[in-house]
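So this first bit is one chain, no partners, the form predicted alone, shown in structure tokens.
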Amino acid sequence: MDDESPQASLFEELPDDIQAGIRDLGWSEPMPVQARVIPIMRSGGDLIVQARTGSGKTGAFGVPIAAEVDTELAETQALVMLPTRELANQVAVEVEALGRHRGVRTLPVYGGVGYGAQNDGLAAGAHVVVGTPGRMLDHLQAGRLDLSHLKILVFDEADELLSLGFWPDMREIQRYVPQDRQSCLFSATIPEKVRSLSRVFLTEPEFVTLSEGQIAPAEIEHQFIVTTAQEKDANLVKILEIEDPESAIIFCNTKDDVRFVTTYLRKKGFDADQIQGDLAQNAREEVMGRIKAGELRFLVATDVAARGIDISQLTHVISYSAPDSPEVYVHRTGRTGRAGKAGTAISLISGLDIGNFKYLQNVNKIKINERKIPKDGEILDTLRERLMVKVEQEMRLIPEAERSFKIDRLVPIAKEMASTPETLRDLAAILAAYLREHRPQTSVVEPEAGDRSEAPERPRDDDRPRKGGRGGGRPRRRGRGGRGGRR
């Protein structure tokens, strides 16, 4: 049988009204990720998909969602969680187009805008809700969004969802989600926090990647960034800001570099300390005790000084100085991705190091992907999103009756501070302190063994009506409209 025939016929096997939506979008044949994902989703299986933006992943989950919706039922049947309002609008438009001829109603929901249009869309019976977890949780707690008829739950760009601090909201949303559902997770990278998220929400997921021969998520994500030697320290800071590691070792080749990088990071406000050969034993033990206890985020070290260090929760290894040999690279990166957990290894490579870096890749038979230096605009966008997520979470903790006294009366002060350059800088200082003191929670704390099948009932107002079927934890498999489950 021709290997391409299943792909060529994939769209033709879909309902006629979905095929019409696909034609409206100008798609002639499925992209690789769609050809892999659509059959699995239509069979009812949970899955993890490693796919980057622009790979066609929206269609990969949008087609099965549009095909599964029962338009005669004016209830939310699919929920797509994603990290930003821009992405929510993009995905909502595409899913709406895919289901237009079927009559699928798709509603984007996100913070930073009024509730009116979103409330109206929910009242009209949106079949697919696409948006950020914070605003979804607002609607759930107010009783405007009901998930008792939910069939499909999708996490899009799961790594970004967690890096922005949405985990507390997602964990709370889990309490409203029925156990009898299909859950799918899409992410450009699969770090340990994403794996933990999948263990909380997914059951025996199939893993899909476009990398040949890969049948499971890689233990370590290898990356390198080309930078000039003069800009290496500034670019290190950009990487730390955009990645926001829970814990990291930053390797240098000399003691002088260790001292310089540690001092530089501290001046930039990062929680960093050092280990190098000139450090007294008691000082070394103190530093090691802090990082193992989770009290220190960034350890700067030479390869020799770092020998014997074993930090189980280490998420990132960053080579500020290029490794001298293939063996050194393996030893450095092997300090993350331990005990079955995933990790990220990032190397800052200047022009003189490129040849040797290519050599170590060949010797170690490791594919190391190049990434670009984050732009200032990207970093500011990320910081804004993290701030907004935290503000929404804290707003939710203040009862409606108290918001006028605690918040609204301060609005004139905020306006006044934003009106002149001098006081605007003061306002920025407040935001900087807020970011430092309220770092978003990125780690996923899994429920205890035996507690995954049923999340505890959340407190609720006695006056708020509830429909049956809400529950938390991992789902039980359901038959899929006559197609049958995958297992």
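In case it trips you up, residue 1 is the first one in the sequence shown, and so on. Model, not experiment: these values are computed from the prediction.
Just so it is clear, the following notes concern the form predicted together with a small molecule, a form of the same protein that is not shown.
- Segments offered: 415-423, 428-436, 66-74, 47-55. Contacting the small molecule in the predicted complex at heavy atom distances within 4.5 Å is 47-55.
- A residue is said to contact a partner when one of its heavy atoms sits within 4.5 Å of a partner heavy atom; E94 meets this definition for the small molecule in the predicted complex.
- When the small molecule is considered in the predicted complex, I40 lies well away from it, no heavy atom lying within 4.5 Å.
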